[in-house]
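Read the single chain below, which is given as structure tokens and is the form predicted alone.
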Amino acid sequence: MRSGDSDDRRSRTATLESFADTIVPGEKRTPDDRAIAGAATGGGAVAAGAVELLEQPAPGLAAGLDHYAAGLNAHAEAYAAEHGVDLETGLPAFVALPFEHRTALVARLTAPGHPEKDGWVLLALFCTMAFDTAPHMRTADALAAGHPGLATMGFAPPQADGLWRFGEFSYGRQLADLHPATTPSGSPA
């Protein structure tokens, strides 16, 4: 890999992390972390694996992530010029924006009527999904690793055999009888 390629990859990753952190903020990984603004305590979308989820083939966004990052940085440069925000050199433009300006720009990009709204909302949806459900990981593994979103929601760990069972019905009553062909593990036959 050429040096420029690795610089481009780091820039893209930092930009996507900054976007994810704007959607579900978290705390900085280190004091000099620029991608994560540190606007909240605990882990946010980045710690929950938003970029890992985006890079997987299943969501269908991986091939377009370079374009998302480039577009986000172009919008950030225009926004900074419009609002008189000085951007630190050497950083991708979106990463260089202060958090309050990141949120204002994302609000603009996802607002009704914005011509690119659908694409930015889709990216935001997957960042939120990484935090809320950890779809890129087995749930038991995510819980064992201390996934910040599942921990925040108080997601119950599986029982010792790796299965989830709940002694109480969520509606306070049983809604239906078990199908007679249901196996002892709870699977349909």
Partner chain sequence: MSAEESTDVLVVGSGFGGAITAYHLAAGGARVVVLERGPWLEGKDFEHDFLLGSSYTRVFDFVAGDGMSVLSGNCVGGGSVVYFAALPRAPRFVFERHGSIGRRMWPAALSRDSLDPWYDRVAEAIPVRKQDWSDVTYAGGLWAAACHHAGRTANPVPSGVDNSLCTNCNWMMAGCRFDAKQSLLLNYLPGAVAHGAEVRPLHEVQRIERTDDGGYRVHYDHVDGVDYRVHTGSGTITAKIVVLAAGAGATPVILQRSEEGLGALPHAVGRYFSGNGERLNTAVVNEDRVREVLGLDRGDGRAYLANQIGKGPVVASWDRLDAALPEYERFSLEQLYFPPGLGTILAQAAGPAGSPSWFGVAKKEMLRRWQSWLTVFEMVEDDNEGVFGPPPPTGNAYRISQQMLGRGTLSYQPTANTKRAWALADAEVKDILERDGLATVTPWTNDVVGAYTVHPLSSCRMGDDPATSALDDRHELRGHPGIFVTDGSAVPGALTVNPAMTIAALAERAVPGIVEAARARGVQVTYGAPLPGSGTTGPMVRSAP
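All figures in this text were calculated on a predicted structure; none of them were measured in a lab. Between two forms, the rigid core is the largest collection of C-alphas that superpose within 1.5 Å. Numbering follows the first chain given and starts at 1.
The protein also exists as the form predicted together with the partner chain; that form is not presented, and the subsequent description refers to it.
Taking the partner from elsewhere, residue 138 is found to have a heavy atom lying within 4.5 Å of the partner chain in the model of the complex. Put simply, residue 64 is far from the partner chain in the model of the complex: not one heavy atom of it is within 4.5 Å.
Residue contact with the partner chain in the model of the complex: residue 6 places no heavy atom within 4.5 Å of it. Remark: residue 146 does not count among the residues lining the partner chain in the model of the complex, judged by a heavy atom distance of 4.5 Å or less. Looking at 119-144, the residues that come within 4.5 Å of the partner chain in the model of the complex, counting any heavy atom, are 121, 122, 124, 125, 126, 128, 129, 131, 132, 133, 135, 136, 137, 138, 139.
A movement of the C-alpha atom of residue 161 reaching 2 angstroms or beyond is seen between this form and the one not shown when the two forms are aligned on their rigid core.
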